[in-house]
Ligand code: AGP
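Let's start with one chain on its own, the form predicted alone, as structure tokens.
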Amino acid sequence: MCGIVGYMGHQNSNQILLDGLKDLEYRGYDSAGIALLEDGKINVFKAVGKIKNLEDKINNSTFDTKNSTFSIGIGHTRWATHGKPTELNAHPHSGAYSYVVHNGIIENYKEIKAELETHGHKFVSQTDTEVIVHLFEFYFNQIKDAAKAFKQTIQRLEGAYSILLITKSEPNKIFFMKHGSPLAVAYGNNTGEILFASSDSPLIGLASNVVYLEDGVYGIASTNGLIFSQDVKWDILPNSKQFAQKDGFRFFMEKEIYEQQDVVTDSMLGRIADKQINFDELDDTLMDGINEIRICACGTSYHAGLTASYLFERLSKIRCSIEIASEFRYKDPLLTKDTLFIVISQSGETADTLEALKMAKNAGLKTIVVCNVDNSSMTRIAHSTILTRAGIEKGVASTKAFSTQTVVLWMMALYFAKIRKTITDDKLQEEIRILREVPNSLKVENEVHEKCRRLSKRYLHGHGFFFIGRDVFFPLALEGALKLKEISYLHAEGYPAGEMKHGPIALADPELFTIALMPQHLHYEKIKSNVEELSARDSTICAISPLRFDLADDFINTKKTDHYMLEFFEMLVVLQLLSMEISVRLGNDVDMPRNLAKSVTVE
């Protein structure tokens, strides 16, 4: 989840690009860069870290565009997916005479890179992006037509991407393409201006109308105007930058709930093939001598790890235990070298999890971090890093971090199952088919959101909530209860449904709300029996299920699917929406709940 900007016109282009990147910094802050094309010469500036570092670098140089009559520029703020956050890996990336910025993932970059290397192209970065500019120059050198070379280039690319490309071969043009990653284009308020951005926030105040490009649309911006590959629809820009950053949603949390289907797709790109799971980050010998997996995490990441423990044992047929990092550190744990130690953290800086990772590393264990931030402390310590590619999560209550962590861990379970020969080829292909359907299960349906909004007014009182589920739906119940606690400040607990009769059912009365996760494909009859016991004791029941449950006081109907994990992700969205709407009804700050921080970097 990176951010790109582009500009052509008569104003101070480097300042416009910098201001635009500042508006997009929530999309990535590993590194940033700009390329400016003036009078046939390209000036490039890159810096690691926040946009301020890039701005200081430009201000301390002798470069000045204030007196320029016309310039073209592209810029990028990076959220690393391939390669560490370094200046070499920062965008824009260059060939011999062209520069490109890119948001997304080029899934087939390795094949293209290998092909281009046989033709003498030299690569200097670890990124997937660099193949774009080399591929463009490869075609241009043959046909000497930039428009045709760009079209041939984008026809070769697989994955999700938005691209801006400039070239000395045609110095008054910006070539653009949108496929799977956002890109907006607008005519500026001043004559001859054209602007690009990953969202409309950088365009506000500089333009009045905008085109939000659809997938597959490409074109050319020049001094003669804009040419699109197909008809486009012009929209009016909003007038609030904060509103624009939220893409029209009321809260960042709401936006991030809706983004889950897209970021989960990013998590799977390049890792799912027709018949296998690929993790370039892992060595096939990783499981040699490994008899057990130990997962360590905190909060929402702990719930993702607990979900994964079911999948590792079910699919990989290997013992798997899950530890709360803050407790693990002080139990004098037995750490043996036949254990693969996996830590999970959105930020990669969670203090307790970081210390647990250090303990395992010092004990000689093989270690993996599942993380969303490539330049974090954990990624520098662990032997291997698996990035979730969720992009920046601004809402304190985690949403898309959980869904991407769970998908990545599920893929790892299948990857280990293949290595350990505990899964048949037919079963693996079936699991891959189901994985590909996960983004659809995470899509927020309007009627479901509206149902959660209407039901929320009934759950603002009482003495507490039980969230109950079985199997992987138990950690999902824990996550649902945590979301409600975090943003509504109402007491909620997640329980395995079968544990109700072992004490908690004593609390059952009409003022106890039970949120029951009742999947069709996993122990439905058993959890139905548990819910009936609570209903008989007058607990207020909200059932979430694809199957009608007559004893429910409230019922949220999910789609019928053919796999329990698709039900899992659809119910996840329902729990997130319901918690958010209850918080809204209570008048709380959804994005910044009291007493909480996004990353817990102290013990």
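Just so it is clear, the structure is predicted and the values come from calculations on it, not from any experiment. Residue numbers here begin at 1 and follow the sequence given.
The form predicted in complex with the ligand exists for this protein as well; it is not shown, and the discussion that follows is about that form.
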query: Among 452-460, 108-116, 342-350, 177-185, the region lying within 4.5 Å of the ligand in the predicted bound form by heavy atom distance; finding: 342-350
query: Residue 100, heavy atom within 4.5 angstroms of the ligand in the predicted bound form; finding: no
query: is_contact(residue 408, the ligand) in the predicted bound form, heavy atom dist at most 4.5 Å; finding: no
query: Contact flag, residue 173 vs the ligand in the predicted bound form, heavy atom cut 4.5 Å; finding: no
query: Residue 486 within 4.5 Å of the ligand in the predicted bound form, heavy atoms; finding: yes
query: Contacting member of 167, 367, 398, 441, with respect to the ligand in the predicted bound form [4.5 Å, heavy atom]; finding: 398
query: 298, 357, 293, 135 - the one with a heavy atom within 4.5 Å of the ligand in the predicted bound form; finding: 298
